[in-house]
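First comes one chain, alone, set out as structure tokens in the form predicted alone.
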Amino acid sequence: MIVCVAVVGHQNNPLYLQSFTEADDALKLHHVVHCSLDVIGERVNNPKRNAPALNETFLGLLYPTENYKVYGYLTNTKVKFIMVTTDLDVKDADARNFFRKFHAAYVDAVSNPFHVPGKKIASRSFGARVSTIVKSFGSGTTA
């Protein structure tokens, strides 16, 4: 089950963050997302370790915690997508599919002529689309 998704800009500014749990977990999930930015930065800025995967946008499992697993995705414009899940056995194919749909929803949201680049995404339709994608995660359906 996905408990949190985030979109972080190229300057590590939060563009969208949505948690799908109780309100008392929200701060903890914000911290988990913030910590994942360090891992993404390390992977991107250390090309020697990840030489074959430099052009790969899916970063895979960033790090596991006691309760969560954090996955990442990096666009070619350095926008980061982060997914926090409680599932122990997430297939890479499912995570890639989720990020592909999430990226498509993001592109549609920022293509809105009224959206200011670099500002938080306040579109209700984007939020609804993300919720639909999160609900369909792992079920094999398309959103």
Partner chain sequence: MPPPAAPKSGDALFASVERVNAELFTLTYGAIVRQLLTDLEEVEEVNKQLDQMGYNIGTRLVDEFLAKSNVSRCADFKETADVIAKLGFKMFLGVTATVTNWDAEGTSCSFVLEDNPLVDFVELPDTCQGLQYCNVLSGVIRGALEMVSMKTEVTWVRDMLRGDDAYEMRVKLTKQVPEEYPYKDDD
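As the structure is a computational prediction, the values presented were derived from the model and not from experiment. Positions refer to the first chain, counted from 1.
The same protein also has a form predicted in complex with its partner chain, omitted here; what follows describes it.
Although the partner is absent here, Ser125 lies within 4.5 Å of its partner chain in the predicted complex, judged by heavy atoms. When its partner chain is considered in the predicted complex, Thr65 lies well away from it, no heavy atom lying within 4.5 Å. Proximity of Asp87 to its partner chain in the predicted complex: non-hydrogen atoms within 4.5 Å are absent; the residue sits far from the partner. Contact check for Val116: a heavy atom falls within 4.5 Å of its partner chain in the predicted complex.
Taking its partner chain as it sits in the predicted complex, the stretch 75-110 comes within 4.5 angstroms of it through a non-hydrogen atom at just one residue, Asp108.
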